[in-house]
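Read the single chain below, which is given as structure tokens and is the form predicted alone.
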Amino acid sequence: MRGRPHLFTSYEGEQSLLPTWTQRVMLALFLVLLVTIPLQFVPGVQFLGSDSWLLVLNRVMIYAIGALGINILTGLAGQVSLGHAFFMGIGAYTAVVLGAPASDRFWGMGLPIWIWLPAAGIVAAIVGIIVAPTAVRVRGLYLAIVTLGLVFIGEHLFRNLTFITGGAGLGRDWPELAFRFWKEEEPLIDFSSRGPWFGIEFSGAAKTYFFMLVLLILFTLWHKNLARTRIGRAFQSIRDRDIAAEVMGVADAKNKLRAFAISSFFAGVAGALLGALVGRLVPETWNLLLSVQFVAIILIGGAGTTAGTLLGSFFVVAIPRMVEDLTRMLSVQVRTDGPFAWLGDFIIADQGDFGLVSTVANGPGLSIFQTNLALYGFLIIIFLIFEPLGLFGVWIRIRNYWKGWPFSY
């Protein structure tokens, strides 16, 4: 209602995806911005259209799909899981068996993407359904330990099933991101190589970006709509008070199984896309650190929220690139005695006396990789203590302050 955006006169209006015109306009503008990033039209974000940053954004969107999956399990259903990397690995190796060509060493069927990509999610969901009856018997810390065991089991299997994975430290080639009707040599749409689209020349990274953007929009709509359905409300009731929910008629075990299955589907698709994007991954990729990254995404972004999950994905995945660029910039400032040389002397370990971050492999201080790991842990602690809703909670505070200004209440 005009002038009363939060006055709803029907359940349909309250449960709509975008109940206010402000949200609709902001979303439309944001989608326009995302579509024009590879075109480098918008001032201030033109650097994001470079191939190096498009690769980062492609990884962000893949991680966002996987994070939406674990947000369904942990954020909506309240089931703590550290086994997300295991289901991503299941999806990835399903994709490589179905999509990659066979050889003397490896299994492969050479099927097109419209088969191996959905199949990656379906097989991961089936494995999730198989695991769920055991996992739903425990809760809290015990559930986290059970799912942690899945990661170690997966690492062992992935290292030893060499005819599927390629073996430890070696890996194998994933199928390319290209659309074929069947097994014809020339793909109908090739997302990984430079070429014209609608009269505009795009790089392979830009084509992949548009493909990932479409998939992310579809999975985001699925996630957002799921939270509004009967199943989504059942997940949330189990998260808040599982015993009370079961007394009121919510099938606890059945809905936990559903949460595991849907979350595993998201993870399987994300794993298949990650393998296809990188091209070759070793079995050690699907380890505990990858699962921790997804936990960091939903905690930093905001557990249980769609927008927070997307914000957390960009924040966590783009941090390593930001830290690397900032470190290099400060290193140049020190060498050229620039205006920020004093900051470089304080941060860069191999340039000053009090530095924390090293730009060389065997230098003093933390490497960039170690710095990112420390930063993940620090941010998780900070957000858990001071802002449980993560970046989404920060946005809510800013929005409420802006709406209430100049009043403080």
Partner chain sequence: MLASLPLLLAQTAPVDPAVQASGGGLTRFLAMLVSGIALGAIYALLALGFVIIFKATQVVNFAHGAIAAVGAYLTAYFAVTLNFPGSLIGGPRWLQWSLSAVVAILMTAVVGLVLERLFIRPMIGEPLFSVAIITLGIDILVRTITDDFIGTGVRPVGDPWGAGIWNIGGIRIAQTQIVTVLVAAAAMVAVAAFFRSRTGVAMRATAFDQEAAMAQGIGVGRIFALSWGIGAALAAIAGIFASVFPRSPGVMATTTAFFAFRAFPAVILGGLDSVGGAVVGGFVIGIVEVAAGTYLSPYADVLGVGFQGIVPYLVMLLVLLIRPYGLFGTKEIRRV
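Keep in mind that this is a model prediction, so the values were computed, not measured. Residue numbers count along the first chain shown, from 1.
The same protein has a further form, the form predicted together with its partner chain, not shown here; the description that follows concerns it.
Interface segment, criterion being heavy atoms within 4.5 Å of its partner chain in the model of the complex, picked from 76-84, 92-100, 306-314, 335-343: Going by heavy atoms within 4.5 Å, the stretch is 76-84.
Full three-residue contact with its partner chain in the model of the complex, heavy atom 4.5 Å, for Gly49, Leu188 and Trp395: No residue of the spot touches its partner chain in the model of the complex.
Contact of Arg241 with its partner chain in the model of the complex (heavy atom, 4.5 Å): Yes, Arg241 sits close enough to its partner chain in the model of the complex that at least one of its heavy atoms falls within 4.5 Å.
Asn225: touches its partner chain in the model of the complex, heavy atom cutoff 4.5 angstroms: No, Asn225 is distant from the partner.
Ser193 within 4.5 Å of its partner chain in the model of the complex, heavy atoms: Ser193: no contact with its partner chain in the model of the complex.
Distance check, Arg233 to its partner chain in the model of the complex, heavy atom within 4.5 Å: No, Arg233 sits far enough from its partner chain in the model of the complex that none of its heavy atoms falls within 4.5 Å.
Contact assignment for its partner chain in the model of the complex, among Val35, Ala374, Val45, Leu29, heavy atom within 4.5 Å: Of Val35, Ala374, Val45, Leu29, the residue with a heavy atom within 4.5 Å of its partner chain in the model of the complex is Ala374.
Of Tyr142, Trp182, Trp197, Trp114, the one that lies within 4.5 Å of its partner chain in the model of the complex (heavy atoms): So the residue touching its partner chain in the model of the complex, by this definition, is Tyr142.
Contacts with its partner chain in the model of the complex - residues in 126-154 whose heavy atoms fall within 4.5 Å: Sequence-ordered list: Thr134, Arg137, Val138, Arg139, Leu141, Tyr142, Ala144, Ile145, Val146, Leu148, Gly149, Phe152, Ile153.
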